[in-house]
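Only one chain is included here, represented as structure tokens and corresponding to the form predicted on its own.
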């Protein structure tokens, strides 16, 4: 069994009478792009702060690739955390600051120069490299922050709301960059933009009131092996009978329901893997076409937002020790 890139065991953090993190445990597989999800006050920021070594937990353990990182233990060589409100010295120039941060992280002066130039090239910051931080836009400063995380090789990247406050163009550019980075590194992203996490992440964990609600691969969270929606541009003739008979006609289909206008078909099915799901949906589409329907689109599973709202509603009545941070 492979060692997780990050493992949280029984994490507890209190602020006086407020229980911010309540026995939280989860793990992040090596190579994953991992979404860390929760409503305001769920304990996300506190958890990130403990992982980053900024806060001392009351109990629990943080392990990076099997190495326990106690409070005060250096994070250099293990992880890089980029907070949402991270800032850099305003008078510093981009290239000089990145070189300084590289050396601060343990690189030699020569290595820091090389890695800085590589990071600047990767992010398209060449034209900004000689500018002072204070002359950059918010989006450009976020890119410099991301560039900082590229100065080392294997460190975990923890990004808190990486696209918050960016205009649509800058946010799209940063998402594209994160896709490139996540192909080579283990990345953990905390964000309220669930559509963004759904597109970027391979795994995710949801927390509520400082406790873990669910943690799984993205396809399982979205229930891609259990649900599907087929959108039509022309309805089926005899829709009621079609939906009633579909489970008997196709093995694996448990329930079929048409929308009131007949242009949407919701399916509940059981598939053990992607191949079986593809087989079930292919047979459903064949039946639809044979019945005179015209198909516009097929969507497997539910959106991450829909799953999140379900989990929040189901856990909202659970007692808690106070508001989390």
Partner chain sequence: MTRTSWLRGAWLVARAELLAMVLGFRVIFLAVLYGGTMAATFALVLSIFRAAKEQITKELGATSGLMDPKTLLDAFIQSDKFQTWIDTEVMTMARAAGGEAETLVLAMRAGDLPWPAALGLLVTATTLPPLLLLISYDRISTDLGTGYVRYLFQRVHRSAYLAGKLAGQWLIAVLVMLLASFVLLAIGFGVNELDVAALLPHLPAVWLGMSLVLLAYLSFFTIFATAFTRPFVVLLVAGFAHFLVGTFGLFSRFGEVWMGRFDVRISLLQGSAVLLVFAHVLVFTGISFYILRSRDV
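Positions refer to the first chain, counted from 1. Remember, predicted model here, so these are calculated numbers, not experimental data. Only the largest set of C-alpha atoms that superpose within 1.5 Å between the two forms is called the rigid core.
The same protein has a further form, the form predicted together with its partner chain, not shown here; the description that follows concerns it.
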_Selected contact from 161, 103, 224, 198, since only one has a non-hydrogen atom within 4.5 angstroms of its partner chain in the predicted complex_ = 103
_Between 76, 135, 251, 240, only one gets a heavy atom within 4.5 angstroms of its partner chain in the predicted complex; which residue is that?_
76
_Site test, 30, 33 and 37 vs its partner chain in the predicted complex, non-hydrogen atom cutoff 4.5 Å_ = no
*Please determine, with the chain shown alone, which of 118-126, 143-151, 167-175, 241-249 has non-hydrogen atoms within 4.5 Å of its partner chain in the predicted complex.*
143-151
*Taking the shortest heavy atom distance, is residue 262 within 4.5 Å of its partner chain in the predicted complex?*
no
*Should residue 235 be counted as a contact of its partner chain in the predicted complex, where contact means heavy atoms within 4.5 Å?*
no
*asked:* So, residue 84 and its partner chain: in the predicted complex, are they within 4.5 Å at any heavy atom pair?
replied: yes
*With the partner left out of view, is residue 213 within 4.5 angstroms of its partner chain in the predicted complex by any non-hydrogen atom?*
no
_Suppose contact means any heavy atom within 4.5 Å; which members of 285-301 contact its partner chain in the predicted complex?_
none
_Core-superposed comparison between this form and the one not shown, residue 86 Cα displacement 2 Å or beyond_ = yes
